[in-house]
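Below sits a lone chain in structure tokens, taken as the form predicted alone.
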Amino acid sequence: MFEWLGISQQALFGQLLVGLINGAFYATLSLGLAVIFGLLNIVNFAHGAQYMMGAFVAWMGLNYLGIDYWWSLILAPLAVGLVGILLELTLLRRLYKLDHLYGLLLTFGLALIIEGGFRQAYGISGERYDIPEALNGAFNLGFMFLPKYRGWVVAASLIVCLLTWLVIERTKLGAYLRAGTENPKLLQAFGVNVPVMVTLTYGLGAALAAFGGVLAAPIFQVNAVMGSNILIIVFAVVVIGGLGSIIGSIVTGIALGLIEGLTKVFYPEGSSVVIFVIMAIVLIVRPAGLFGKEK
């Protein structure tokens, strides 16, 4: 079909699959960032480190405790979410009345400390995490083979993104969370414990990052710098979608993954910068982002 462009059908669909998988990771990670910024007004630079921690918790659970992949999908986000709660209680809570820059600098410093600790302990060569046996092999789609694990990553990411959006946008708890960002004193007057809600929100954002890390562990090698490698792209996704926009992060993450995959087919040299070019254009045309609210 595409031979007249000098591109085989297998190559095109193969890159679209890679783009969809990358987009699933971008959506999951940017969702966690959007939750934290949208509800806490914190630019969480530790998000990449929390993604890396999720992958390492899964790897350590398997190698030291015999905890398999399926349990790690639950336990790793819980563990990293608890670490996030501890960080919020001891450090971040002190910065809410200060300029956003202080939160950014603190989380950036935390990211360097966490990454440095894992680098010191495990180096940067990477650790292997095997695909679970149930997800080995591939589906024959006729025009290409779809690895079962890649298909699972896309499905799991979309399910988690959809559930998070439903909780925040369509439930009473989500209404409290959104109200707490705009008028916390009024919400507290109605008996809602706003500080606890804020703490749990940061823990949720960290847990989403860790969930993405567990999904990534069998695809990419588990190493100390895996979070910093993807974080800049994820920040670009959040900016394009609109800072704090949940649906913007999901839609933009998947769309940009696909665009990146197509760029690798038609113009490989531009695939590493296409997302940042799009970000620059969006910031010029619509500074609040595609789904952000203009002030």
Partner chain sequence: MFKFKVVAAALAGAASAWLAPSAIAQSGKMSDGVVKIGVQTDLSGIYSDLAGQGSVLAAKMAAEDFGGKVNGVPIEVIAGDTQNKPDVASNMARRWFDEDKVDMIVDLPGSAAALAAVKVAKEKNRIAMVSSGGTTRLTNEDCTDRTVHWAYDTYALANGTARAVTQQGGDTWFFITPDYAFGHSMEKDASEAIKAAGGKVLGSVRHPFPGSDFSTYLLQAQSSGAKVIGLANAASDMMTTIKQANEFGISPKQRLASMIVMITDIHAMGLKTAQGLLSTDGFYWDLNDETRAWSKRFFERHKRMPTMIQAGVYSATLHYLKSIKAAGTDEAGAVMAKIKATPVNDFFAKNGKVRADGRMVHDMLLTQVKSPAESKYPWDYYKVLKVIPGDQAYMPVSKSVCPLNKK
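Residue numbers count along the first chain shown, from 1. Keep in mind the model is a prediction, meaning the values are calculated, not measured.
Below: the form predicted together with its partner chain, not depicted.
Colleague: Counting heavy atoms only and using a 4.5 Å cut-off, do M53, F118 and P287 all touch its partner chain in the predicted bound form?
Modeller: Contact check failed for every one of M53, F118 and P287.
Colleague: Does the 4.5 Å heavy atom contact test between I131 and its partner chain in the predicted bound form come out positive?
Modeller: Result yes; I131 sits at the interface with its partner chain in the predicted bound form.
Colleague: Report whether the minimum heavy atom distance between T199 and its partner chain in the predicted bound form is within 4.5 Å.
Modeller: Close contact is absent here: in the predicted bound form, T199 is far from its partner chain, nothing within 4.5 Å, heavy atoms only.
Colleague: Can any non-hydrogen atom of T90 be found within 4.5 angstroms of its partner chain in the predicted bound form?
Modeller: Contact check for T90: no, nothing within 4.5 Å of its partner chain in the predicted bound form.
Colleague: Is there any non-hydrogen atom of M144 lying within 4.5 Å of its partner chain in the predicted bound form?
Modeller: M144 belongs to the contact set for its partner chain.
Colleague: Residues in which of 82 to 90, 123 to 131, 99 to 107, 156 to 164 have heavy atoms within 4.5 Å of its partner chain in the predicted bound form?
Modeller: Careful reading of the contacts points to 123 to 131.
Colleague: Note that its partner chain is not shown here; using its position in the predicted bound form, name the residues of 218 to 241 with a heavy atom within 4.5 Å of it, in sequence order.
Modeller: Sequence-ordered list: P218, I219, F220, Q221, N223.
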